[in-house]
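Next up: just one chain, as structure tokens, the form predicted on its own.
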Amino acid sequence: MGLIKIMEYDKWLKEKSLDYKDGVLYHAGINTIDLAKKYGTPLYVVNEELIRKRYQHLKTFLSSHYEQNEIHYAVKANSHLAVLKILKSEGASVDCSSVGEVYACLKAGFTPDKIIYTGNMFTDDDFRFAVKNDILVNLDSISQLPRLAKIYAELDKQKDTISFRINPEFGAGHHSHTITAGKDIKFGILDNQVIEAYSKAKNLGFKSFGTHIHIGSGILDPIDYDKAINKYFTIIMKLADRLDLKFDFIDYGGGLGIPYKQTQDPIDIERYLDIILNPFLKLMNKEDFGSPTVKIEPGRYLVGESTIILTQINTIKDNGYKKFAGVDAGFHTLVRPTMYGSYHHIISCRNPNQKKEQYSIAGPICESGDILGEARMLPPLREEDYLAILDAGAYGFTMTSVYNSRPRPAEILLNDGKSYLIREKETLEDLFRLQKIPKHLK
């Protein structure tokens, strides 16, 4: 990535709409302690303006390179209806990985032509829901094609566009679990299968075609895309030549990362677009390639920095070896630190300039792995103080759980100096609402 230019700490926070005023943390211009007291903790706090800003920035850059484009927001990052409606109002399309995400997008008002369903290990029920609702399916395996075609016939639906997810064998990501390309990875079809896949699709009566890759998640260095993109276009050219195909769209997937640490540079969007688009633009200049739509599928990049988690300290424990600050958030609230070893910056909601002490930020879950931040330097903490966990807008709430029978937290949205409750905190009764007890146990 070259020389890292460490951004001034206060400026880095302001890029995430965070600022201290009179020793108190504000998010999007609103006092975080007031929010914590009003809504309770743990609490997800979403900044609407920052989502819009990230989308507009990316759209402007992409359109300056190639006007015929679509940004498909990766819904798995954050599927809240309010977030979907924000992005819909900006003109976004969506990328879904499950029927539930497709349903959420339809409920949020997206029309079927704005939705791509890129699942894996599809069931017939998945296909039936997609075809019935006129949703474009991006297939993950050749074996799925005959089943999908059969369901089109059963529902008497026209076979229009079909796409396949291609595995270019070069992947990248912030953790091994988030790398989604490679010969030993479960996703997509390899180079030696693409001719067969698209040939069968043509023979089954599909009329138009798209193509798609996704190499991984949380990428900050654009060069990580280079080998995959070159392989991708070798495959696309082979398909065009051998099968005389013209593509309706070329989909590059997502994976754009965000700087979770002050020492990390944001991804260079200009460089990223050069890497993914230069082979495409050269091909268009040389060949009768048509004018396919370019699609990208960012998730984390659009929503990750928009959200903080407010959590209250309930315990200060010094065992003589290390000092713990126990909080009411845990890996049931944010699983990424435990699941991926991910870093989320944690700051105090008051008195940031006092001399720092070292703490481990521990949650209440009955697991030793329930540590949200290890060896963090913070001002002297007291029980009943509040902390803010940053950059929780992507894969935060969507990966919450009710482990240890703990209800999920509330979510609020900040906009224009006001706060709105967008998800109520679950109650203890909610945990058992769908359970049924057999008569013999009553």
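Quick caveat, the model's predicted, so the values are computed rather than measured. Throughout, we count residues from 1 along the sequence that is shown.
Missing here is the form predicted together with a small molecule; even so, the following discussion is about that form.
Taken together, D95, H214 and S217 are fully in contact with the small molecule in the predicted bound form: each brings a heavy atom within 4.5 Å. Although the partner is absent here, S163 lies well away from the small molecule in the predicted bound form, with no heavy atom inside 4.5 Å. Though the partner is left out of this view, K231 does not reach within 4.5 Å of the small molecule in the predicted bound form, counting heavy atoms only. The closest heavy atom approach of T118 to the small molecule in the predicted bound form falls within 4.5 Å. The small molecule in the predicted bound form comes within 4.5 Å of no heavy atom belonging to Y386. The listed set I86, L256, I236, V137 contains one residue whose heavy atoms approach the small molecule in the predicted bound form to within 4.5 Å, identified as L256. Here is the short version: of H80, K295, R300, H332, the single residue with a heavy atom within 4.5 Å of the small molecule in the predicted bound form is R300. Partner contact region in the predicted bound form: 69-77, out of 200-208, 348-356, 106-114, 69-77, criterion any non-hydrogen atom within 4.5 Å of the small molecule.
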